[in-house]
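Next up: just one chain, as structure tokens, the form predicted on its own.
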Amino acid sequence: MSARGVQWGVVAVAAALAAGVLGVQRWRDGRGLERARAAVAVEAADSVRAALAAGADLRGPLARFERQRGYTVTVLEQPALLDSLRLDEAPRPRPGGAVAPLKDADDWDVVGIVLVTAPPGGEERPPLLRPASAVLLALLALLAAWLWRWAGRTPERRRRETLTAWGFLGVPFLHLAVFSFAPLAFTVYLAFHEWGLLEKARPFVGLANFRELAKDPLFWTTLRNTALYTTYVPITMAAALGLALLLNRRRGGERLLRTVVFLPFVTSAVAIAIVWQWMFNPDFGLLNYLIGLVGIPALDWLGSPHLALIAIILVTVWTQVGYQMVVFLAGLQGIPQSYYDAALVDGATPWQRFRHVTLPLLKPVVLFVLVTGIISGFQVFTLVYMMTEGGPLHSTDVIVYRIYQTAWEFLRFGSASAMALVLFGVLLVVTAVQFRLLGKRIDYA
């Protein structure tokens, strides 16, 4: 494609994206106007019902309402619409306004319809361009200008190679933009707003959600529990490395054992939680039966604040050890046999071969397993949700479960988003520290 064709293609795509931004803004402004009209219609219906219950003439209250709110209020008689409103008792938009159900004095049955309409120029019109849309359009214009300049100055061969590469990357990038970058941006937006499903007003509150978290002792408890839970990572790594060393052979028996150890990792977490709940049962669980054989009294694994988190860690170790074993096996089988032969010639013992050959060459694998294990540990949810629901006494209340509960049980999406950003920051810092401490010591020979 010629440089001029690429440049005009950039202009066409930028124009389409700009139209999309303005269209989304117009749609959101329209929805906001509909919600505002519906709220006014409900308020008007309540005023009409109060006036009727008091036996007053409607003309006075309605006139005062119209002067104060700037809407014209009319009581309608439309049987078809009345029957429709009786079904859901919810306001709905109408041309230039909204209708709301008028209920009787007992607030039991819908007996009428109240229509509110805005006179011409009586409503505040939304701005042509909101700040967020203006920022997006400005960034889009800068990007389009840069691409126009790039297309004009880049040689044809390089331009063709770059466009081909972006042709392959375009669909995955679009997928990431829609399902990863956009939700992340919306989460950041929510974290700075008081956002609830039940409230119509969603004001900007700045850092108030973060200050509320800093003062919430339960939030710090969830962070502590999450940090304690991630101690399963070094335990699982040690067990997985030991199993990998034992099963690092190519015979049939070892392959079968690898499959058996790996199976819990690919099994449904919900099914695993249900099975282990039965095994942890204080009355007829398998674990209490086994420890009873050696004289240990029965333990309330999931009902004790001191044991519940340990029980979940045991389940996690059992499910994760197979995956980490497979990763360590891949690392072990990538070490050249000549290194071990040279160590044998020098008279190295098995421990010396492990310490001076195996472990140094496994450091990249160890770093990978450690980083991914810590990230996975901070995101634990299913086992806690299924087995303890954060109890007893918040002893297993972890941060992701707290985010879920705050958002979908308490309907406080602003606070939940603030917690999600804090979790993101914690993981970013922990991962950076791990790479800084271990990454420089790794030899990728």
Partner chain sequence: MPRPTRRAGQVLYGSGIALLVFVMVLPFLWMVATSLMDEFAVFAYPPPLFPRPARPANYLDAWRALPFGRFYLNSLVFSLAVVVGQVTTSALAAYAFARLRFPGRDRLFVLCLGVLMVPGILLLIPRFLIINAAGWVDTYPGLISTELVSVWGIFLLRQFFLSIPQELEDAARLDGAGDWTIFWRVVLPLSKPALATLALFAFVDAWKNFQWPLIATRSMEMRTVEVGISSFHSFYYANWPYQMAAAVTAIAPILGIFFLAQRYFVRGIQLTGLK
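Only a predicted model underlies this, so the values are computations on that prediction, with no experimental measurement involved. Positions refer to the first chain, counted from 1. So that the term is clear: the rigid core is the largest set of C-alpha atoms that superpose within 1.5 Å between two forms.
Just so you know, the form predicted together with its partner chain exists too; it's not on screen, but the next bit is about it.
Asks: Have a look at Thr72, Ser304, Gln277, Gln352 for me and say which one sits with a heavy atom within 4.5 Å of its partner chain in the predicted bound form.
Replies: Only one option qualifies, and that one is Gln277.
Asks: Could you work out which of Tyr339, Phe173, Trp148, Trp220 is the residue within 4.5 angstroms of its partner chain in the predicted bound form, going by heavy atoms?
Replies: By the 4.5 Å heavy-atom cutoff, the listed residue in contact is Phe173.
Asks: Can any non-hydrogen atom of Thr431 be found within 4.5 angstroms of its partner chain in the predicted bound form?
Replies: So Thr431 counts as contacting its partner chain.
Asks: Determine whether any heavy atom of Phe181 comes within 4.5 Å of a heavy atom of its partner chain in the predicted bound form, and answer yes or no.
Replies: So Phe181 counts as contacting its partner chain.
Asks: How about Thr358 - does it come within 4.5 Å of its partner chain in the predicted bound form, if we only consider non-hydrogen atoms?
Replies: Heavy-atom contact with its partner chain at 4.5 Å: absent for Thr358.
Asks: Spell out, yes or no, whether the shortest heavy atom distance between Met386 and its partner chain in the predicted bound form is within 4.5 Å.
Replies: It does: once its partner chain is placed as it appears in the predicted bound form, Met386 has a heavy atom within 4.5 Å of it.
Asks: Could you tell me which stretch in 128-136, 227-235, 96-104, 281-289 has residues with non-hydrogen atoms within 4.5 Å of its partner chain in the predicted bound form?
Replies: It is the stretch 281-289.
Asks: Heavy atom within 4.5 Å of its partner chain in the predicted bound form: which residues of 377-392 qualify?
Replies: Heavy-atom contacts within 4.5 Å come from Gln379, Phe381, Thr382, Tyr385, Met386.
Asks: Superposing on the rigid core, do we see a C-alpha displacement of 2 Å or more at His306 between the shown form and the other one?
Replies: No, the C-alpha position differs by under 2 Å between the shown form and the other one.
Asks: With both forms fit on the core, is the shift of the CA atom of Gly334 between the shown form and the other one 2 Å or larger?
Replies: No, because once the rigid core is superposed, the C-alpha of Gly334 moves less than 2 Å between the shown form and the other one.
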